[in-house]
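Only one chain is included here, represented as structure tokens and corresponding to the form predicted alone.
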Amino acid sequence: MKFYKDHYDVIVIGGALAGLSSALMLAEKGLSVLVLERHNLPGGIATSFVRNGIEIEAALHEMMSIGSKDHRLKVGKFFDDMGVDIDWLKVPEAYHASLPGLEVTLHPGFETFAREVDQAVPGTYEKVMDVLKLCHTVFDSVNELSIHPMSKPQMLLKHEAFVKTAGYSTKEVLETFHLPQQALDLLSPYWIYVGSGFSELPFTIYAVLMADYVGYGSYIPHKFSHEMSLKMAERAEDMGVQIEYRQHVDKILVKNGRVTGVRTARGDEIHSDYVISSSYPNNVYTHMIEPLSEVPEKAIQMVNGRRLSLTAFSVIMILDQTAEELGIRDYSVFRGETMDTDQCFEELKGLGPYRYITCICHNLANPDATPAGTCSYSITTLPRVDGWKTVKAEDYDRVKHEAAKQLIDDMSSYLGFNLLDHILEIVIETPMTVARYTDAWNGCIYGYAHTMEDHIVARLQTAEEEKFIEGLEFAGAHQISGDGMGPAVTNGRKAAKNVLDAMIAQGRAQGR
């Protein structure tokens, strides 16, 4: 019996959230789908690992676009519609901001959030509500336009706020509200989730982020992020998707400008009409297309013209007491010496010290996250890829441990006890860890930076022009919706829709 079929409608390279989302959507339409995953498990960074019998979350802080059971948002609804049953737990707060002169815990819900900002910075309630209402209006427009594109005159009539703010940075729009600096500081911590300072970050991106997280709150799976990928893979196989692990795709085969299939590292040539790649376009267009002569010059110009965003450095610990016993009160803490986001972004280009960090205690959302009498505590910073590219092999251990010690010392001082005295297990994840495990280009987990010159609105308009090879689609953080596990699902769905639309245009999806 042959290992692979003679032909598939679609081959998906990568069994992480984006690839699995594509596979589910395509399988629902009756297509034959093969997923090839280089690891022995699905999920990419949506995974967990075990140390001395303790399962530990590898990456997820919180999921956006889930929503409550009676008011699902788009990602939560997709899981429900696909029959992927996730036990979602709501995160108890938006975040705790630890900034100069401010120690404030803010909770989701526009009204609640605005009242709490006003309590910390009196007299700001109405203006903060105006900011949040504008964000929500833009959020609704983006969600509608992603499904029902329309002409510019139509957009102006139906989505005035979206059109009027689309060409402005977050800094420019927020300045029009004339809020005190401390109030602006409290509206800023989530900037790190999109990885651009406010002078470069399009307001559209900020608005979607704030409306989603602040308006509806965030969620985590009860059984860690691996619950998502494992259940997605199981459901996909139930729907007829073939998933093969430890199968590294070496080449994407192209003839006369069109995909014909792939070749694995072990030499299997597998034929298909479409390929969806989770590998970055940087890697695909410079190494994976065979023959390379099929790569148009414009494809190389595109990847060279885009700036890679952020990678990750995390210290993940299991501590020997509960969060309550240690005095850890907040699920999520954003801590920095300044909330000048442009300055923060600039400081992330090196190897430290890192002064803008995020901390998560999973037990405060999921009491079952660790064995009784213990808790998990992670400290994360999101450096730019530039600095870590310069680290030599002989310096790696020293640089890694110096950076980890700085983060541990910083948070020990903040918490009022020495974290080193309470560590049962510790794992240090670096950009090299990410690059090795996920094969992400330069360890970049955030895709291409959203800037005023290159962001979601512009990318939507140029998407068709960037289809350089017929039948090749991309799904992952490097695509239109950007980084994060929620957007990964959206990017996967978009890639699948592109395939289905192409098949319909060719008259090949009739009767499916």
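Nothing here was measured: the structure is a model prediction, and the numbers come from that model. The numbering used is simple: start at 1 and walk along the sequence shown.
As for the form predicted together with a small molecule, it is not shown, yet the points below apply to it.
> Work out which of 449, 60, 480, 27 lies within 4.5 Å of the small molecule in the predicted bound form, going by heavy atoms.
That would be 60.
> Which residue among 56, 472, 31, 36 has a heavy atom within 4.5 angstroms of the small molecule in the predicted bound form?
So the residue touching the small molecule in the predicted bound form, by this definition, is 36.
> Each of 189, 202 and 338 having a non-hydrogen atom within 4.5 Å of the small molecule in the predicted bound form: is that the case here?
Spot residues vs the small molecule: no contact at all.
> Exactly one stretch in 102-110, 431-439, 338-346, 368-376 has heavy atoms within 4.5 Å of the small molecule in the predicted bound form; which is it?
It is 431-439 that comes within 4.5 Å of the partner.
> With heavy atoms only and a cut-off of 4.5 Å, decide whether residue 314 touches the small molecule in the predicted bound form.
Taking the distances in the predicted bound form, the answer for residue 314 is yes, it comes within 4.5 Å of the small molecule.
> At 4.5 Å between heavy atoms, is residue 84 in contact with the small molecule in the predicted bound form?
Judged by the heavy-atom cut-off of 4.5 Å, residue 84 is well away from the small molecule in the predicted bound form.
> If you check in the predicted bound form, is residue 495 within 4.5 Å of the small molecule, heavy atoms only?
It does not: once the small molecule is placed as it appears in the predicted bound form, residue 495 has no heavy atom within 4.5 Å of it.
> Using heavy atoms and a 4.5 Å limit, would one call residue 288 a contact residue for the small molecule in the predicted bound form?
Yes, contact at 4.5 Å.
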